[in-house]
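Quick setup: one chain, the form predicted alone, written in structure tokens, and binding and motion questions come after.
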């Protein structure tokens, strides 16, 4: 176990060093969700949804923007490994005497760290712009935890795609095609009640909606531990399913 964590931390340090050597990439990685926060909250600031009449859209959309950031980071989590595979570095890494699962864990930890920093930046800016979080500091920590639960399963799927697809062009085509619609087919930007019937069905099946609902409850109302426990259970179930699917793919590709 000690060797595993040593190997994982070494590879995590590599990902962090790579990001640190690319200041523009670091800047845009951390600030990209702010663009959505500013534009969406400004564009729809006069919108009042039924049941949320006394809530500003900026506060309403905060949970959705956080979920969008977590989902986007996780979905792109496999891209660097895909390039490592194409340039031959991954082959050399797999031939080294290391635990192969450390490759995946280090990548997930990197994605989680970047997402947590993004979440804190988004929350800070949103509060400056007038948004409020009813639960205060404990609520902020809970938002980070829920975003990590959402990101885990999506990261595993992204890594599985990276190992399965022949080139980064195919990866980008798939991610670009399904990524944005999945976000819009959730409760991130509007409550399900405001959507057509068929869309409401899809929204209820979308794990992003569960993450958003939990974060929105923490932001607007407080801690309902029974409801939050159910949301956590759903997200953990989603993570377990993704892990099972991803492990099946990765076990073949890493053999």
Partner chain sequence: MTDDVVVRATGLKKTFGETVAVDGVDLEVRRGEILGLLGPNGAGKTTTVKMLTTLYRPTSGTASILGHDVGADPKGVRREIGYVPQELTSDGYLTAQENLRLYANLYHLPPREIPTRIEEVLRLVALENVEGRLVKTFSGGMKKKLDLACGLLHHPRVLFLDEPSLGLDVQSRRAVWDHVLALKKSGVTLLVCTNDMDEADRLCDRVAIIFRGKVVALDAPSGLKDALGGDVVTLQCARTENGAVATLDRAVKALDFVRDTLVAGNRLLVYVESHERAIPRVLDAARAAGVEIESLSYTRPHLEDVFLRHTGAQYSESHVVPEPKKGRR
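Quick caveat: nothing in here was measured; it's all calculated off a predicted structure. Numbering follows the first chain given and starts at 1.
The form predicted in complex with the partner chain exists for this protein as well; it is not shown, and the discussion that follows is about that form.
Residue 98 is the only one of 125, 98, 116, 140 with a heavy atom lying within 4.5 Å of the partner chain in the predicted complex. Residue in contact with the partner chain in the predicted complex (any heavy atom within 4.5 Å), chosen from 105, 93, 76, 129: 93. With the partner omitted here, the stretch from 129-137, 142-150, 177-185, 85-93 that lies within 4.5 Å of the partner chain by heavy atoms in the predicted complex is 85-93. Contact annotation: residue 252 falls within 4.5 Å of the partner chain in the predicted complex, judged by heavy atom distances. Heavy atoms of residue 10 reach within 4.5 Å of the partner chain in the predicted complex, making it an interface residue.
Contact check for residue 17: a non-hydrogen atom falls within 4.5 Å of the partner chain in the predicted complex.
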